[in-house]
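Before any questions on binding or motion, here is one chain by itself as structure tokens, the form predicted on its own.
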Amino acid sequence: MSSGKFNPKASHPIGVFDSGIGGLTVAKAISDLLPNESLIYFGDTAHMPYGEKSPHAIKSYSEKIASFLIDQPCKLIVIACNSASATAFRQVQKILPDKHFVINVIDPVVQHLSRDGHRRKIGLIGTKRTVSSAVYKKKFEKADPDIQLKSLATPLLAPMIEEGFFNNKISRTIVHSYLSNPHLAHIESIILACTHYPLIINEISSFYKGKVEIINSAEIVSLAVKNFLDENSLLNKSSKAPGHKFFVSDYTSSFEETAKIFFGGKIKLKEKNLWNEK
């Protein structure tokens, strides 16, 4: 539970968290769309990948990180992880006085695709936890029953990306092997239901050669963040340059290297293991 009072102000940063580097794709999309906003990012590298963890563990990790971000203080929490969004969204909502100040990466995508009457056969790739939860299937059935969703667990992809294996022969081989699965045949678009996956979007695009639309959740979620802040009069209109902070529960060189690629060489990376603190 957060120890501080939640009193969001426009000048406060946006809190973003994921199990590792994947959520940086969401953070970068938010930064590009909202250049005045400061971000505080927490990568739970000590426990990644969340897709292999139990629901109880994911809920526990997510609650602890969200409480930390609230205490910074952050004006909005973005769960930049599909596994955590599927499993711990309601738990994170409960630790906030107003449950609306949490955005996950699933609902904006479902809402976006449900408004588009052209796509009816949609593929999805994600972690075991995201796929086994059937959260996308349940939400699509409620929002638009005509959508046919074909989901495939791709458990090797997130660890591969965390270890820096992307945009090379190894990643291309693994990606093509997964996407060749007959379960994904005849789809019109594919949801990248893990925030790590935009880092291998070149390999995915190469496989489909423009015949399947690739749904990058990071861009859709960033727009949802903008709309939420605008509706609640929390957009930062200051001309002062934003300051981003990056925390990890366990230092990894791949995280620092990827963060530098996204946000430049002058990032402030701090190791902070919330579970070892009293």
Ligand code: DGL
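Residue numbers here begin at 1 and follow the sequence given. Since the structure is predicted, the reported quantities are computational estimates derived from the model, not experimental observations.
Separately, the form predicted together with ligand DGL exists; it is not shown, and the next lines address it.
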| property | result |
| --- | --- |
| Residue stretch of 236 to 244, 64 to 72, 41 to 49, 27 to 35 approaching ligand DGL in the predicted bound form, non-hydrogen atom distance within 4.5 Å | 41 to 49 |
| Contact label in the predicted bound form: T87 to ligand DGL, heavy atom within 4.5 Å | no |
| Ligand DGL contact in the predicted bound form: I77, any heavy atom under 4.5 Å | no |
| In the predicted bound form, V109 touching ligand DGL (heavy atom, 4.5 Å) | no |
| Ligand DGL contact in the predicted bound form: N104, any heavy atom under 4.5 Å | no |
| Within 4.5 Å of ligand DGL in the predicted bound form: residues from 75 to 114 (heavy atom criterion) | C81, N82, S83 |
